[in-house]
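In structure tokens, the next block holds one chain alone, the form predicted on its own.
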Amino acid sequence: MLQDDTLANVLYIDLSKKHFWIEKRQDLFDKFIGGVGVATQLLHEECPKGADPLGPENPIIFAVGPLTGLFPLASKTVAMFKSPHTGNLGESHCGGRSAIAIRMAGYGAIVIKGASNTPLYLAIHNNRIYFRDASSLWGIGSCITVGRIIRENEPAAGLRTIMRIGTAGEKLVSYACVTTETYRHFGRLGLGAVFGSKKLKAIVISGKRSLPISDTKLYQKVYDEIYQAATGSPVMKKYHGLGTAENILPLNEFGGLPTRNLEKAKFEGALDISGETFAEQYLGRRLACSHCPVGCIHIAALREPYGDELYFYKTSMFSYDFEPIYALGSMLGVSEPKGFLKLMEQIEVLGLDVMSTGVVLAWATEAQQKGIISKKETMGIKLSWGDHTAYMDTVSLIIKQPNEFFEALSCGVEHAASLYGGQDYALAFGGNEMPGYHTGPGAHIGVLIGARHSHLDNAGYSIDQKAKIKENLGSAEELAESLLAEERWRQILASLVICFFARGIYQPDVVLKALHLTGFDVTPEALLGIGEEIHKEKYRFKTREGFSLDKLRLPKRILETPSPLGKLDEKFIHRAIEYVKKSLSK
């Protein structure tokens, strides 16, 4: 009925030559829908085998989907690249205005190649692309300040997205992130370092156009169905009320909240850093991504005295969610809300992945307590659980990298533990630091086998919670099949760039109706087949770059600390991994 042919426009930008061009890639969008499906294929095309993640040959790919700009919650942009953090598939999703800005500029995907020899930022305004000098921005410590400067100097206020890196990206910290709209991030797997390696300080994108609808009556009906489900759902109301931070207390009560580098799975200070406490004492405002009626972004306002002047205060505003509270709160034993917020602010300003940073700091704390590192390595810093000031000092040195130890920390916990020891409690899966769930085997197996080893590959933690209620986990093979099935379906959602919080709303029947309105007519069976093919294409890239399920390291700590389902069985985990291996080889 409708096929907006601009979705098939792929904008190619060569930073080395300061050159750009547009290609119509209808073949990719017809076969893989958009988002992660198209981005995976572009990564195969543009990233040579064995590419240096920090070399000019590593591309940055952004992609959106056919529902972007038309339906609620189709609000994510998918970024694909070779990760400098794991040396393998890099995939990160970001909300805010990025997806709608790319679509309104007239593109379904953007491919950035090469590297500049001087700092620059890209300004993409519809079909006009500018290579702006960023020499004066390079070295500015705060990515928030960088965003403010670009806002004042670029057109299209209110319609644009501004992606930028902080000092962490410039310094090539392997888990540096890219910040958009100040409160959203391409957080995981080091996209910020890839930006930095290309001397790419920022990208601003804007566009203003309309998307044609051929059957407005049917469109309104499907739109209203999705909108009502989003605003009426108890789960989505929860996200509006307290945000994902609402999960702190239930998960702690459940006994699945990683605490002090997972020495325990319950945190005695959970109430002090809970969603309820932040909402009552620190909530400054709520925000939503474009075309989202939920508004799950919660912004804390931290008011502090300004210098030594009486009656002068500064107020800092930054977002908080479940994962940052876990990573910088329970994982580090930090229960004092202001201490947590100060540490969070520093990491936001510098442009680090908060989850990786928290796990790195937790490992370093335990490593010092166990004597495998000393104050010599930490340059006099004594790391103690709950001491946010010591953690802030450590973060500053991770950025500056004044010695070999801090250079190691800047490459993540897997790398640091390989040099100094302490691998049994180095909580990384496939090279990426763990998310905030110790709910049972599903959570950890899900991250181990996930295509990007991240917290949203699948919902293993949810399977664990259901198993606790039913008092029946099932076999390792059944668990692995459940994880695989969900991850394959998530490839469809990620190709439509649907927020995963809305996965309960965008069930197959709703997806098929929405796709029909955009010109995609597929059967339910064909849709599931596309998800499975995308999943296998990701693993084809991973295998090409040296990944093997046989080489996965299992941190011993997850076997030692009891979960809500009891202590985990190493043989059970390996049986599940073996099942996945056989499934992917079919």
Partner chain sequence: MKLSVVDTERCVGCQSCMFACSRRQGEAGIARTCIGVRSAGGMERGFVVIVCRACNDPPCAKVCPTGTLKPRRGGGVRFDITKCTGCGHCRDACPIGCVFWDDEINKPMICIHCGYCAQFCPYGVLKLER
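From a predicted model like this one, the values you see are computed outputs, not experimental measurements. Residue numbers count along the first chain shown, from 1.
What comes next is about the form predicted in complex with the partner chain, which does not appear here.
Looking at 158-166, 499-507, 252-260, 84-92, which one sits within 4.5 Å of the partner chain in the predicted bound form if you count heavy atoms only? The contacting stretch here is 158-166.
Spell out, yes or no, whether the shortest heavy atom distance between residue 231 and the partner chain in the predicted bound form is within 4.5 Å. Answer yes; at least one heavy atom of residue 231 falls within 4.5 Å of the partner chain in the predicted bound form.
My question is simply whether residue 240 lines the interface with the partner chain in the predicted bound form - judged by any non-hydrogen atom within 4.5 Å. Taking the distances in the predicted bound form, the answer for residue 240 is yes, it comes within 4.5 Å of the partner chain.
Flag residue 218 as yes or no: does it have a non-hydrogen atom within 4.5 angstroms of any non-hydrogen atom of the partner chain in the predicted bound form? No, no contact at 4.5 Å.
Looking in the predicted bound form, any heavy atom of residue 119 within 4.5 Å of the partner chain? Result no; residue 119 lies far from the partner chain in the predicted bound form.
Complete contact of 208, 224 and 317 with the partner chain in the predicted bound form (any heavy atom, 4.5 Å): Each of the three qualifies.
To verify the annotation, which of these, 139, 293, 402, 474, has a non-hydrogen atom within 4.5 Å of the partner chain in the predicted bound form? Here the answer is residue option 293.
Check each of 150, 200, 483, 100 and return the one that places a heavy atom within 4.5 angstroms of the partner chain in the predicted bound form. Going through each option in turn, the one that passes is 100.
Counting only heavy atoms, which residues in 57-96 are within 4.5 Å of the partner chain in the predicted bound form? The stretch touches the partner through 69, 70.
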